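Single chain ahead, by itself, as structure tokens, in the form predicted alone.
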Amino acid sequence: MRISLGKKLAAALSFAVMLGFGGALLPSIGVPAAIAQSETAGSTDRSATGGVQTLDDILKRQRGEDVPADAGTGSSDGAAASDQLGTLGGASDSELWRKARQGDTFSVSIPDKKSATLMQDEGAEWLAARNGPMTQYALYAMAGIVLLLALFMLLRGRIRIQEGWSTVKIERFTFIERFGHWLLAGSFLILAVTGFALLFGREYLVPAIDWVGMKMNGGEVAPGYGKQIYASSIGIGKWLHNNIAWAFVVSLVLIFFMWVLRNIPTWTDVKWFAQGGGLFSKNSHPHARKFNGGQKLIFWSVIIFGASLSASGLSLLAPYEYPMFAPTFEKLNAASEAIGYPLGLATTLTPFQEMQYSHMWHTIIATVLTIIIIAHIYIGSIGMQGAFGAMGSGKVDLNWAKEHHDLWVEKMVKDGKVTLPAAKVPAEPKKAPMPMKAPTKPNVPAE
């Protein structure tokens, strides 16, 4: 078959065009670029790709083999800046989605900057921690403090007033002081119950509701019985948690200004702790002012942890509005570097990471504060005789006050605010009357 010269020239020209432009056209479908990458990059050298993953890295992942942690972490997109495609082609879809999956942020023109993060691997890690260790440790910690207090009650018994009840009551707290205390205590109890209901709900409360339902209905319940009851009740609990939080914040500020001056630590408190506060001995009552060392410890724990709890709660109530952890980590890094032990905490956090840190911190601090409050409730009620009157009626027994806050009682007496009952002077015993003797007959001399 004869081919004309014109056809031969056309075929040669077409072949030349394919050779000249094939390196630029075919990379767009990934074939020559992959071949060139495989031939030049090798298994570990990524200098030619600007640090991004090579074909060898991709094939290893597909075979289930280990790939170095730095694979694909380079900043280059694999394309020259002067040429849109470059010799290795532009950023592939797989590379784009790898960056998205690892939480890289992209540029957005809308005001909602958190939309620049398409997906985040840390979300799965946070969920695993929230449903796993955080929930379990919180449950173990609260069960542990209850068992510890029960053991203390069994071994030590109730701390009673050594001298017994007196007939004198003295004012310990005013109405406004008791109002601030009960506002703080009441709001915290509601927050604790509703907060831990949210934390323990799916893992523990839903099965518990199903179990109760089975016991009440002859061993059978409708599918989703526990979930439905939990969902309907936890909606109310969430509303209470979000709104009663403000009462907690207000009462926290109130008790701080009322009692801060009386809760400044002194050397007397050090001696109080050295003697165990008299809690472990029936005949030991260390000196104390209006607030002893243990009460001061509880005060500052409530103020510090309560303020931190409020701050993280505010961050959760207004999502993405108050990033706190990145600035905190910066200060911690600076402080640790100053003393020679750098922490190296991440200071560039996405809005999602800020929320996850806030939630985890909120849960941890709430658990710690709940443990402290459980111990405080025990010692102020059944653990110590006469203690509840301080926040009940505002008045306490004089003998109780002298045993547990003797320096405070002395100051109250000195200032004329308390009048001690006059000591009873024992009456002198009456002298028994002289016994009467029968008159004797006079001796009359005989005549």
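Note that this is a predicted model, so its numbers are computed, not measured. Residues carry their position along the shown sequence, with the first being 1.
Beyond the structure shown, there is the form predicted in complex with a small molecule, which is absent from this document and is the topic of what follows.
For the options Met391, Met412, Val67, Leu55, the residue carrying a heavy atom within 4.5 angstroms of the small molecule in the predicted bound form is Met391. Residue heavy atoms within 4.5 Å of the small molecule in the predicted bound form occur in exactly one stretch of 288-296, 152-160, 325-333, 272-280, and that stretch is 288-296. Of the heavy atoms in Ile373, some are within 4.5 Å of the small molecule in the predicted bound form. Residue contact with the small molecule in the predicted bound form: Ala387 places a heavy atom within 4.5 Å of it. When contacts are judged by a 4.5 Å heavy atom cut-off, Leu96 does not count as touching the small molecule in the predicted bound form. Residue contact with the small molecule in the predicted bound form: Ser381 places a heavy atom within 4.5 Å of it.
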